[in-house]
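What follows is one chain in structure tokens, specifically the form predicted on its own.
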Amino acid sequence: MTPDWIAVDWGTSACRAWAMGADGAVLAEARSDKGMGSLAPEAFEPALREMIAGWTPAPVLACGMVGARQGWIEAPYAPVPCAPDAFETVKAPVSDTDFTVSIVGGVSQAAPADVMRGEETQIAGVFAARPDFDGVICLPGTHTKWVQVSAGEIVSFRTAMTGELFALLSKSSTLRHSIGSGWDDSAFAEAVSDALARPEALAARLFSVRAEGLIHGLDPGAARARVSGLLIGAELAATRAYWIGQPVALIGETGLNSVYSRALAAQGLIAESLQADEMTRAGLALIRSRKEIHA
């Protein structure tokens, strides 16, 4: 396998790499569970070499938490408003000269204080695929981002810890006794509407999920959907200024995109869904061309 270059998305819990041809085609793909959170700085190079064993060494361009302070090497944030041309890139230390590794920095916002790392590359992918897109990009995940973009720039953004809150509530709180597998679309829709109407009642509404399980035998799948709906509804209430009346594109895993799409559709907004891996590769390719990272 002889790639022209190698695209890498290195997150906290996992890493993905693609061998890229000169024409932009994906020649091969590799995945690893050695995410940033489990590696010391000196362990990144061996983990990368292990993952792409069998590929001829080629220039690597990586994004994500690999560039965090706790990662391979810290890549600085670019302040908003900014276009991909302004994204910082740094060279990671490697033990041999057979390849280079460049890491894309994140994006920061002074007020209200906010940061992103990795999502900026997927947003660059939208700029590459849809250069005329003006509106809002939502990136559902552990820390969901709502990003206003215009004229090929990131203008402003807000982060909601919705995914992390759901994980904590379902695994570490009293709600863990109520939440199970399965799903209930009507319970989800009702909870989204409830939280949008009264976001200040979120804490009380969450406890009622536990109480309904004890008193009325609430189905564990319905409880799961209700907690998800309450959290996403509160998030939509907090980010209303971003999505109301705006074109919205979703970049995330298919399941999460579907959940957010249903929540937005109930508010009369039809969001476009984009595939996360595709946008990551397109964004890395755009950054590579603009930053002239070829060696």
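Quick caveat, the model's predicted, so the values are computed rather than measured. Throughout, we count residues from 1 along the sequence that is shown.
The protein also exists as the form predicted together with a further copy of the same chain; that form is not presented, and the subsequent description refers to it.
Trainee: Taking the partner as it appears in the model of the complex, which of 183 to 191, 121 to 129, 101 to 109, 86 to 94 has residues with heavy atoms within 4.5 Å of a further copy of the same chain?
Mentor: Looking at the other structure, the answer is 101 to 109.
Trainee: At 4.5 Å between heavy atoms, is Q70 in contact with a further copy of the same chain in the model of the complex?
Mentor: Within the cut-off, so yes.
Trainee: How about L61: is it within 4.5 Å of a further copy of the same chain in the model of the complex, going by heavy atoms?
Mentor: No.
Trainee: For T174, is any heavy atom within 4.5 Å of a further copy of the same chain in the model of the complex, or not?
Mentor: Because a heavy atom of T174 falls inside 4.5 Å of a further copy of the same chain in the model of the complex, the answer is yes.
Trainee: Is it the case that S208, even though its partner is missing from this view, gets within 4.5 Å of a further copy of the same chain in the model of the complex, heavy atoms only?
Mentor: S208: yes, in contact with a further copy of the same chain in the model of the complex.
Trainee: Only one of M51, L39, L264, A237 comes within 4.5 Å of a further copy of the same chain in the model of the complex by heavy atoms, so just point that one out.
Mentor: Only one listed residue qualifies here, and that residue is A237.
Trainee: At 4.5 Å by heavy atoms, is each residue in M1, A22 and A30 next to a further copy of the same chain in the model of the complex?
Mentor: Answer is no for this spot.
Trainee: With a further copy of the same chain taken in the model of the complex, which residues across 113 to 128 come within 4.5 angstroms through any non-hydrogen atom?
Mentor: If the 4.5 Å heavy-atom criterion is applied to a further copy of the same chain in the model of the complex, 113 to 128 yields A113, D114, V115.
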